[in-house]
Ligand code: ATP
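Presented below, as structure tokens, is a lone chain in the form predicted alone.
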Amino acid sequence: MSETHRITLIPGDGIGPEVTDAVVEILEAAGKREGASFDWHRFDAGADAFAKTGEYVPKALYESIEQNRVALKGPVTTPIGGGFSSINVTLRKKFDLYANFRPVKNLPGLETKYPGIDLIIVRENTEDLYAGLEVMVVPGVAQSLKIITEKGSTRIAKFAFEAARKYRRKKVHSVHKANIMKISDGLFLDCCRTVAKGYPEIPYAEHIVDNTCMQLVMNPWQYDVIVTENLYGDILSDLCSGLIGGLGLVPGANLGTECAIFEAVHGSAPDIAGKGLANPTALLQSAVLMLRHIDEAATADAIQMALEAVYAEGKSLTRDVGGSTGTGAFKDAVLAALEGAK
């Protein structure tokens, strides 16, 4: 008898509930076909949660993630320049989800300026400027502290090399700015070099972050696995998403030793919320990563094949990738592809 997986579900806000509902329906259908079942524990976070509970991250949500150890999360709006702290950052720090894992790969049939992209960005997820240690020193002078530790740098480097080994990747690049930040980024670089010595079969190289941005635009195919600090990883992962069609396509995973949260990496797009226009692909591919994490490879494979079949056919694509199909019709196309693959 198949195991029922208890999963914390955070729909988010804006387009979040729409894409989440579509993804859950696809997972339920694929799971039924492949013998997997899910017990969804649904919670709000952010402004919607605060309106209902007086907490931006309700205590019950924390407890659910602690118990289930796996969560699937839609986009949650983060106020700019004020308001509450990023829910994403809050959850990552709370559960020490130190590794952000972002595979970037072209979808079949979707024309881009950069065909044949297949790389992985591994981003340290808890330190750097995202530690949130900021202070107004005097009026008109603000200070943010960049935190880099040997522990954090070593474990993210090990994660990157282990991922390279697991997925049979050919090279790891560490990306840094140690030519300027010689102590902080220098420590990160030293840790990467030390870890690299333990993986002699995997070629290792180093690029400065600004040069990396240029190289990604000119020749992204030279990269396979990129390991980097929090801020650089945030920027580079969005840049790489643009190479294959945008943030609406790319999955994301936040991984720790005890818990994992899989999430769409795009924003909440309030301008199209409730209109049935959103693309569920990013969250669906994040859910595929989640399925592999919980050892439901057959269900993951079935969904990935159905998704790629829809893109290869090109008749049921959402408007962000040049089509005119809405969220519901796109979901139905994936479901039909699942059914047709039996």
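What you are looking at is a predicted structure, and each value in this text was computed from that prediction instead of being measured. We number the residues from 1 along the sequence you see.
What follows is about the form predicted together with the ligand, which we do not show.
Undergrad: Among 162, 190, 206, 238, which has at least one heavy atom within 4.5 Å of the ligand in the model of the complex?
TA: Of the listed residues, the single hit is 238.
Undergrad: Pick from 186, 242, 267, 109: which has a non-hydrogen atom within 4.5 Å of the ligand in the model of the complex?
TA: Comparing distances to the ligand in the model of the complex, the residue within 4.5 Å is 267.
Undergrad: In the model of the complex, which of the stretches 225-233, 153-161, 258-266, 177-185 has residues with heavy atoms within 4.5 Å of the ligand?
TA: Stretch with heavy atoms near the partner: 258-266.
Undergrad: The ligand is absent from this chain, but in the model of the complex, do 7, 44 and 66 each have a non-hydrogen atom within 4.5 Å of it?
TA: So, no: the whole triplet misses the ligand.
Undergrad: My question is simply whether residue 272 lines the interface with the ligand in the model of the complex - judged by any non-hydrogen atom within 4.5 Å.
TA: Close contact exists here: in the model of the complex, residue 272 approaches the ligand to within 4.5 Å, heavy atoms only.
Undergrad: Should residue 247 be classed as touching the ligand in the model of the complex when contacts are defined as heavy atoms within 4.5 Å?
TA: Within the cut-off, so yes.
Undergrad: Although the partner isn't part of this model, could you tell me whether residue 320 comes within 4.5 Å of the ligand in the model of the complex, counting any heavy atom of the residue?
TA: Judged by the heavy-atom cut-off of 4.5 Å, residue 320 is in contact with the ligand in the model of the complex.
Undergrad: Indicate whether the ligand has at least one heavy atom within 4.5 Å of a heavy atom of residue 279 in the model of the complex.
TA: Answer yes; at least one heavy atom of residue 279 falls within 4.5 Å of the ligand in the model of the complex.
Undergrad: Could you list the residues in 12-32 that come within 4.5 Å of the ligand in the model of the complex, counting only heavy atoms and keeping sequence order?
TA: Just 15.
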